[in-house]
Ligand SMILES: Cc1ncc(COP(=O)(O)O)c(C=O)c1O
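Take a look at this single chain in structure tokens; it is the form predicted on its own.
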């Protein structure tokens, strides 16, 4: 197919593929986000935009969410284009498209496009900063026991290689308030603290942190802040001005529902030059955000489909999405908390939780409960363990989830409570 004809057909296809989300929008246009959250007719229409296995109830969107059908289709079309003449079309079309992706991500995040690097996931984005900062022996890094394993591994490598000091703080699940989390960081700071890394939303229970307060407190003390936004970006409304961190990394295959293997790194403009990239880049790119993208041949077609995921995200709106996610979490937690032995590890305060929820069931190991739910009810959740602290099952529905599916989950937990492991 001629390149011009291919691109023309792609534009027409893309417009038609968004019809489901766009057609559903007028039905909810006169409603507030909270009212839309309860509009089951609207969300059934949104569900039709996904290709879902009806034989498994997916309550594990926190690991990888399915991409909407039109995002999948566009990714395949980009791949088809690249396969027509890989060297030429990749160089001439797909690689330059990263600049469009960069601008769209920056517009959604609320920053300068020259502060956004397109990465493969949050781990790569965060470790670019963790391993690229100039830290020396004795410098202290502060994080929590509930930060993501790969970020903890990154600091432990620097501890072994460079002699930095890694300090982790623990906190109750759930904590009493956002201020409690802020004060725990404040109390752990010493004159040698150089960096604080923490999750915007924890991968364990979905606990949200007071990001701006922590970052402003740290900046006043000359401490740099790295925020793990893997579970923050595109789950609920915020802009960079609401965070004020120095560095931010996120995966896009979770709440933006872009193809797996997509993410981004934000670096404050004045900080770019002080961080070494993971892969060597030309020295003339020292002050250029693109130095973090020096990975050689990459999955350019997958990266191009990020813009299509943003289109879908904007068609639904992040306000409607967040309201629906909170409604779904409250729905199942309200239903199971009366079951004997159930303990909910979230608070309903919107400053402390959104779509992710977690629970424990007395008498059940979380791995065994996860296996039971899948084997007996085909319900997929994820167990989470924090050594020497707690274990739980994390329950993460998404905007394609139905109340009927959550009822199945509730019934399964009720039966498990009577059965015991």
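Worth saying up front: this structure is predicted, and the values here are computed from it rather than measured. Positions refer to the first chain, counted from 1.
One more form of this protein exists, namely the form predicted together with this ligand; it is left out here, but the text below deals with it.
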Partner-proximal stretch of 235 to 243, 251 to 259, 213 to 221, 91 to 99 relative to this ligand in the model of the complex, 4.5 angstroms, heavy atom: 251 to 259
Using a 4.5 Å heavy atom cut-off, which residue among 230, 71, 196, 325 comes into contact with this ligand in the model of the complex? 230
Can you pick out, from 312, 203, 185, 109, the residue that has a heavy atom within 4.5 Å of this ligand in the model of the complex? 203
Look up in the model of the complex whether residue 148 has a non-hydrogen atom within 4.5 angstroms of this ligand, and give yes or no. yes
With a cut-off of 4.5 Å between heavy atoms, is residue 123 one of the residues that contacts this ligand in the model of the complex? yes
